[in-house]
Every structure is written in C-alpha cells, then in structure tokens.
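In structure tokens, the next block holds one chain alone, the form predicted on its own.
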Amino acid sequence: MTLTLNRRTFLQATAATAAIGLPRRAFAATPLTMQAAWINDAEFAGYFLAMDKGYYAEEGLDLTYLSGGPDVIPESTIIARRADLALTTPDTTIRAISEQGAKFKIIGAQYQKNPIGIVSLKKNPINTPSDLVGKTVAVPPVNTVTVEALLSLNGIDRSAVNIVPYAYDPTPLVSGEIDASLDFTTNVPYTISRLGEEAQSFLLYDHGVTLFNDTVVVTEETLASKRAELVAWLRASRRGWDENLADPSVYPPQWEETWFKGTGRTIDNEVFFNTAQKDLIVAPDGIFSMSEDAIAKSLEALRAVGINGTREMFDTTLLEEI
C-alpha cells in the first residue's frame, strides 16, 4: 500500500515518532538538475550561494548543477532530459515553441532587464542605435536576431549595419578592428579596462528590446510531474540571490578556489559583475517575478522580428507559491 503524506500529516507523524522514542528515518532528497546558460561566473552567484549554504537541501532537493558555455544549447538539455530546468533566453524559447512546437513553459526570469547591450570604446562612443549606422558591430551568431530586433524597433535598415561574428573576445574592439560588440554590459567593460581602454555601453532594453534574460524554462511534462520541486527550487534560489545581492562584494572572493576556479577570470572581475547586475535582477515582487506588463513588453519586442509568442507560454503560478 502506498502512503501519501502531506506537510501536516508528515509533521504529526514525526512528532508522534519522537514522542514514543522510535528511531527517525531520514527521507531521501528528490533529485533535480538545472542547466545554466554559461560558464561559472557571477551571473549564477545566487545559485552557488544556495548550494553552498544548503538551501536546496533544506527544500528537500538534491540539486545537480550543469554549467553552460558557447557550445551548450540549454533547451536541448531539457528536451534530452539531461536537466529538469534550464536558464536561457525568451527569444530562443518562444521561437522553439511557436515554430517547432516545443512543449516549453517559462516559469521565471532571473534578469528583469536583459544585461545585453552594445559596447564600444569611450574614445569612439556609440550611444544610441542610430549611431550604429555605417559601423561594424560584432555579434554572437545566437544573438543576431536580438540585434535585428534593436534595428527594427528603432527604424534602422538591417543593411545599414555591418554585423560580423563575435567570439566573446573584446580584443578586436580595443584594437579598432570593429566599432562595437554585443555583450553583457555587466562584465565586458571590466575586461576592456584591463586592456587599457574605457568602455561605453547602452542596454538594448532601454531602446525597445524589452526582454527578460536567463528565463527559467521547463518542459510541460516536467511542470506537471515536478511542480512541487520546481517551486522549491525557485524558493531556495530566490533566497540565495537575496543574500548574495545584499552585498555583492562578499561572496565572490569565497569562490576563488571552487566555483570560479579555472575560469581565467579575476575575483575583482566577478565582484564588478555581481555589483553591476544587481539592479537588473532585483524586482518589487521578488527575484524571478514576471509582471504582466513585463511579459507583454517581451512579447512585443519579439514580434518586431517575427517571433510570435503568447501569454500562455509563460506560467507565473509557481511564483505565487513561493
């Protein structure tokens, strides 16, 4: 016979066991795997903290964390069932749903404002989308559609801008081979400063590309079968992010020989990153929240480049249970 315990029944049973002096038996934690969007850096600091401090374990989860990188497609990981949830971008997720029939749901958003922007040098600044006309901008192939959205939303012909591939290295910008690059404004300005130049940047978000980033994506099957575990993950992750962002300088130095080991990045860089991202993550309704207005703006920005999403692709009900 299978016995199902709700929270109240479990607590009562535990109390009764203690009262009669019977030995307590620990319940095994539930395995859950998350796929990150990039290599280990401050972009994922809240999760590192939550793992190190046991917040997932307190929620009954045995969390496996998979780092990402340039060759990792997060959605593919959850389709292949190598992960239960993934951090990715709404444009790739919604395109997969609308054009390929993928059974995905977006259940949260780490970044309320996408940190991706146009980065140039202060001595040759590009301050607005119109400044891109006639210029060469390096763009990671996966983000080409995002730049096309920026141009479309600001009335700029795609042919007026020379878009070349970007390999996540600002050296060509510093050497003058390109005029600008598309990158995280929370991170690459630090790298440029170490190369002897001062960066100038603007967020795409502030010029019409009003997208979330690091959206939390699951399959509909996982949402149905592991809802309680996903809510627990959101709750523990929010706790980790709240503690991390209370003072962004505190935790990165503690991870020099653990999470950040072997990345080739300095701790000063990670502190810079962690500090710069705070205002893009914190939200009035709590980290991961997705307001109706913000969802509508994301969908509007995607429609500018022919990606047609709907409100039903987002599920905000799990956030109500945190």
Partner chain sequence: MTGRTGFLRSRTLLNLAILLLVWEIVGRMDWIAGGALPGLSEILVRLWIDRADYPGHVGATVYASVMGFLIGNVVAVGAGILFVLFPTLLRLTRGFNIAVFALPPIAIAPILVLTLSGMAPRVTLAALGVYFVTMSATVVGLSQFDTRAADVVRAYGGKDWLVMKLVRLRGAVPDILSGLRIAAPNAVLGAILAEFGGGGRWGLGTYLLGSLGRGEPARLWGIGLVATLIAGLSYLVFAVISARTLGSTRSVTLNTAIPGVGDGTAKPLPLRMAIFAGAALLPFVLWWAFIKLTGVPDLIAKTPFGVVDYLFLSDTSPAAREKLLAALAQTLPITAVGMIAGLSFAFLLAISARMFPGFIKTFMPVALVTQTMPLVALTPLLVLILGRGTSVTLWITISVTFFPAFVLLVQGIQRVPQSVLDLPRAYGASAWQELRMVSIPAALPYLFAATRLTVPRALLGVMIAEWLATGTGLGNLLNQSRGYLDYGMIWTVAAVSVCLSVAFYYAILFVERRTLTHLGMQTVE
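None of the values given here were measured: they were computed from a predicted structure. Numbering follows the first chain given and starts at 1.
The protein also exists as the form predicted together with its partner chain; that form is not presented, and the subsequent description refers to it.
- Using a 4.5 Å heavy atom cutoff, 72, 102 and 158 all lie near its partner chain in the model of the complex.
- The listed set 291, 263, 64, 30 contains one residue whose heavy atoms approach its partner chain in the model of the complex to within 4.5 Å, identified as 263.
- Shown without its partner, this chain lists 127, 225, 171, 249 as candidates; in the model of the complex, only 171 has a non-hydrogen atom within 4.5 angstroms of its partner chain.
- In the model of the complex, its partner chain lies farther than 4.5 Å from every heavy atom of residue 135.
- In the model of the complex, its partner chain sits beyond 4.5 Å of every heavy atom of residue 242.
- For residue 196, no non-hydrogen atom is located within 4.5 Å of its partner chain in the model of the complex, even though that partner is not displayed.
- Though the partner is left out of this view, residue 121 does not reach within 4.5 Å of its partner chain in the model of the complex, counting heavy atoms only.
- Stretch 74-82 is the contacting one of 204-212, 74-82, 111-119, 228-236, since its residues have non-hydrogen atoms within 4.5 Å of its partner chain in the model of the complex.
- For the partner-free chain shown, 141, 142, 144, 145, 148, 158 of 120-159 come within 4.5 angstroms of its partner chain in the model of the complex, judged by any non-hydrogen atom.
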